[in-house]
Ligand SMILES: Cc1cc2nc3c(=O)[nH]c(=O)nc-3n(C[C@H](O)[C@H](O)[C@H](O)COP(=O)(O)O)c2cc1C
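There is one chain below, alone, in structure tokens, taken in the form predicted alone.
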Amino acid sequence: MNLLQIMQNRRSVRNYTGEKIPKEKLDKILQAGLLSASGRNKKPWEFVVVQEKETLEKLSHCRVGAAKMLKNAGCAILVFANPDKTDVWVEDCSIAMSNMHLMADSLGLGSCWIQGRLREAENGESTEAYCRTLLSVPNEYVLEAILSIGILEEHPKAHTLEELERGKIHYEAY
């Protein structure tokens, strides 16, 4: 499958079987994140991998209405950053998230981006504070997002090139 086909196939998946992610697949997903481009090669990210069911269940409360799928996920990867390393940490972490999201799909796994930055946990504190406390993350790190990953029973239908919104493309000027 070429890269464009992988991008067409990638879908956000929120329903998982609850099975663990095989180590070799998880390693490839993490490698894809570590290989990500970053401004001036600063690589401000830190990845926290959660596989324990009890912690995944607690993590499912980290965001109002958007993280319940973590209960049945095989794992979650939280992407934190040190904002003192670079002023483009959001962009750098977003690239890493996207690469891991694409890699998960290319390996036949389901995944979903759960925005963490500027979001609120069910208990009223920020998603970032909730995750930092739960996972013992040092205070100098900030949360960008969480990637839920799981074994899926059925893959959603791929996007087609015909459904692309070509009107969003502007040449030379808007």
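Start at 1 with the first residue shown and count on from there. The shown structure was predicted, so the numbers you read here are calculated from the model rather than taken from an experiment.
Same protein, other form: the form predicted in complex with the ligand, not shown, and the subject of what follows.
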Could you spot which one of T55, S126, S36, Q115 gets a heavy atom to within 4.5 Å of the ligand in the model of the complex?
-> Q115
Which one, V142, V48, L26, M69, lies within 4.5 Å of the ligand in the model of the complex by heavy atoms?
-> M69
Quick one: is T17 in contact with the ligand in the model of the complex, heavy atoms, 4.5 Å cut-off?
-> no
Answer with yes or no whether K43 is in contact with the ligand in the model of the complex, where contact means some heavy atom within 4.5 Å.
-> no
Indicate whether R132 is a 4.5 Å heavy atom neighbour of the ligand in the model of the complex.
-> no
Of 2-16, which residues get within 4.5 Å of the ligand in the model of the complex if you count heavy atoms?
-> R10, R11, S12, R14
